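In the form predicted alone, a lone chain appears below as structure tokens.
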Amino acid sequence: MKNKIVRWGLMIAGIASIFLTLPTNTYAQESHYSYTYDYWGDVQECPDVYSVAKVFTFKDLGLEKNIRGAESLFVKDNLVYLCDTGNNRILVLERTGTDGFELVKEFDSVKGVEPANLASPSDIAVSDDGYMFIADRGNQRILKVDMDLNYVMQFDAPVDSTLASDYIFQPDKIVIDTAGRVYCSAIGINKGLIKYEADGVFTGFIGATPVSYNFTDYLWKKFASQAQRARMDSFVPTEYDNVYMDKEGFVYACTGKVSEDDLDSEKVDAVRKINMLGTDILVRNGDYPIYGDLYWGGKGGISGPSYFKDVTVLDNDVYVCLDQNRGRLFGYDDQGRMVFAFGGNGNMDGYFRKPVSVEHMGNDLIVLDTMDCAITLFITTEFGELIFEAMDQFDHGLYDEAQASWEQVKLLNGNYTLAYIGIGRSLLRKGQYKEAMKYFELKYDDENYSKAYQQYRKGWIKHNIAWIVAVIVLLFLVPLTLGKIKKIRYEIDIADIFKV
């Protein structure tokens, strides 16, 4: 009877432990504002890297009319350009202090061109020499104007034989390089980014996403009728949702228009880093693919993977992706490792209803929510400042200082993977290979562990080469000497026998 009670008790305890353990990771993702993932894919609570400085509505910005259907932000120095698409206007805001913005300019038309009024402006970019490039989507053009809103030139629909004859040019997002070249993503074009030279000449498409298809579907299309093929999905590249050009002239492009299966199988990428040849050069050395949340549950009526609607790149090469699906921000370092994840859907400060654009000013983040008609300013916390300080110190060759900063990060969050890897990398650069190996081993960083081990092995051989040579020589000489002695003894014994 006693054994039976014990067995039932163990069974109940086991079932209870399952129910208590399984939801932990799922709920941590929902109940904690900031988090990361460890090597095993478990959600790890994380101190906030960013905190909300303030949420700005149209009244806070001194506007008489509410923002409507806004689609894009652009930051230049201490100015924020906001495309108020639904109101056919562009707002220019100036940063005042650590947590303030004030309106300095508002315009809905330009001078010297017809039509003069903007129609659904969807994006804006400002060059270093002070020219504004406006994606005037409703007027099917990209405008270049000076700071006094005088017309300079425009970029029209690309002339390409692969486009349908009735194609309507709708420029959506734009970036410009230091030479004045324009790169544009347009609605209905999935061939990559439209490239214009500085003189407005269309020179082709670059950076098209790889085509992903299932071989079974491909085979079926070969034998299907024309009507059946028309009902099937086409094997074509994916349109980009947004683009951003970093300080080195590389274009970061993101898209959420990808299937769950393609993301899960890593056939496509939610974010890409495109060079001038159109090649994706984004480094992906993290433990997991760069597509936001690892778990795609259906809580709160939200399902499916993260939808990367926009991306921005800090000066330290940390790029931040905006997930419109769950209202979150995901930061990754230049190696593709997750730095932070935070946010969510809701009406509280720091949460969003339909975020559409993210920009940065220094290390601070600015997020535009088109449904709330507001922008949220995020500033770094002490924890975030330490992380970015450690990264900057390492990039500038200050390895002792970087190690000390990462040690402070580790004190604030003992589970933070990048702290261990950061300390290991600092030790590696300082030549303390054995110590570095310990930190890489703790976080299962095979690549850096191999680098440290390789250097440690070289150093060990260099310092012990004399002993190694001596041992090798002895291994050869001792058997030879013993064999020679045995041979001499044998010859002596034979000689003695013949004498007798």
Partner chain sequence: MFKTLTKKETYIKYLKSLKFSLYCMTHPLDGFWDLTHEKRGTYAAANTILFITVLVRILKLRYTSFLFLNVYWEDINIFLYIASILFPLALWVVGNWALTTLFDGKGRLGQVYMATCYGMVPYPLIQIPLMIASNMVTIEEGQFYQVLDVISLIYCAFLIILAMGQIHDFSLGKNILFTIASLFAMLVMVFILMIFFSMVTQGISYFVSIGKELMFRM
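Positions refer to the first chain, counted from 1. Worth saying up front: this structure is predicted, and the values here are computed from it rather than measured.
One more form of this protein, predicted together with its partner chain, exists but is not displayed; see below.
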Inset, instruction - Specify the contacting stretch among 464-472, 63-71, 427-435, 40-48, defined as having any heavy atom within 4.5 Å of its partner chain in the model of the complex. - result: 40-48
Inset, instruction - Find out whether any non-hydrogen atom of residue 457 is located within 4.5 angstroms of its partner chain in the model of the complex, and reply yes or no. - result: yes
Legend entry - Residue contact check: residue 33 to its partner chain in the model of the complex, 4.5 Å heavy atom: no
Legend entry - Contact test in the model of the complex: residue 58 vs its partner chain, heavy atoms, 4.5 Å: no
